[in-house]
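In the form predicted alone, a lone chain appears below as structure tokens.
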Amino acid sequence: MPGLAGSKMSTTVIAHLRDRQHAHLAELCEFLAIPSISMDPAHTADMAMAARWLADRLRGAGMSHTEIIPTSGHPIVFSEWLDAGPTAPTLLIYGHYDVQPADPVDAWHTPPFAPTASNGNLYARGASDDKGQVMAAVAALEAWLHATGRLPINVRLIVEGEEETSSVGLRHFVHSEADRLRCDAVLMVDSSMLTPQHPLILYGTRGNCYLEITVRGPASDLHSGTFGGAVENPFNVLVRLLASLQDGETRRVKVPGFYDRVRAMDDAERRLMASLPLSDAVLLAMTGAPALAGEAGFSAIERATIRPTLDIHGISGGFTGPGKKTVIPAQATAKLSMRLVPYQDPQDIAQRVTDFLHHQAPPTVSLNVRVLSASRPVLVDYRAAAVQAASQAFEQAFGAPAACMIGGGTLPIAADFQEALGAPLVITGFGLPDDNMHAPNEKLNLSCFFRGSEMIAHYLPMLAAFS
């Protein structure tokens, strides 16, 4: 733990943060008003504007060096302060400034890029994912630099503009500039707490394998009265193929070898999971579904975190307009993904699923399976000093140490950080499960935002003490 002098400095820093809460909120609103939608080319100028805004803000915070790094897509904002000296630990903080589209805009209660505070929340696209969390980190760094003139450790901060589009530019940068990014820990602030009273650190995340399956039959759409029963309907085949992937009763994936590399939890991890305030009833209440479902033999929280999944996301082709049209479509397409757990390999799974589908497909159609994205799962030692220091920092800011679990979602860049830098990952954040990330009416709990800044402010000296 920090010594007496360090404790006094931390107190000064926290007081500075609390004095400037109104200013930090106003700055966050400025940032959120920029519609930095990375997947829409119409917003390329907005992406550049958001990068410039953030770089200017970091310079104003007192960071020694800040630059905007071009990529093949949207730019990276890179900033560092390394005056703590070569013997002090170095922390790399990660976040992203790009956001999802706001569609459907008419489902929002307030305009998505006109930040609106209401009932202790701030509503705007990107409020929770991830601009609010990025600004919590910036506020903590500024508080140390303005209140004490220095940081207790060396800090690098990297904020990308392509997280919502698979982080292509950052992946290249991390591997090509690994020496420049060398650090003792990576703090990834792009996640959620369990509740405002229950902080959370993820010691792993699931990977993802996203496929597009296309079945082609006749050269063009055909009249079902003339050709029905004599020509294979690609939709019929596609539905049968999709159904063949999963057992209807156990919900287990039927692809041979799919579960071969699935990692089993040890007893210590099971105790961690049992301590979480996430019963089946709580999870059901979050969904609005009539009942929970999933792989037989596992609890809902296990299904959502440590077990692999298979989900169909969309089926297209043929006629879907109002009224009726008796057509045999020329082709039908489905998109599906599989969340993968340590130590599953997305490329291996993609090949196994492709081989299985080709084996199942009849010779009356042609089949194409295309990999749209593949992200590796991540596993971190939750007993690492960097993780334990973060848990104690949460206790200082939120009044409770962080729980630890493997997350059900995917952070594509996490595996690249792990592979290129070899430093422990601290995957955490200050969002909440009901923040409507990627959905209309996205929000950020303002108390979590302010206390999140305090958590990062506490974390810097604690990481030094644990190192």
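Each residue number is its position in the shown sequence, starting from 1. All values reported here derive from a predicted model rather than from experimental measurement.
Another form exists, predicted in complex with another copy of the chain; not displayed. Remarks below refer to it.
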item	value
Stretch in contact, per heavy atom within 4.5 angstroms of another copy of the chain in the model of the complex, of 197 to 205, 147 to 155, 351 to 359, 297 to 305	297 to 305
Another copy of the chain contact in the model of the complex: His438, any heavy atom under 4.5 Å	yes
Tyr343: touches another copy of the chain in the model of the complex, heavy atom cutoff 4.5 angstroms	no
4.5 angstroms heavy atom contact with another copy of the chain in the model of the complex for Thr287	yes
Partner proximity in the model of the complex: Pro70 to another copy of the chain, non-hydrogen atom cutoff 4.5 Å	no
Another copy of the chain: the contacting residue among Arg270, Arg182, Arg240, Arg263 in the model of the complex [heavy atom, 4.5 Å]	Arg240
Position in contact with another copy of the chain when the complex is considered in the model of the complex, options Leu372, Leu82, Ala107, Leu276, heavy atoms within 4.5 Å	Leu372
Another copy of the chain in the model of the complex reached by all of Phe227, Ala230 and Gln246, non-hydrogen atom within 4.5 Å	yes
In the model of the complex: members of 50 to 83 within 4.5 Å of another copy of the chain, any heavy atom	none
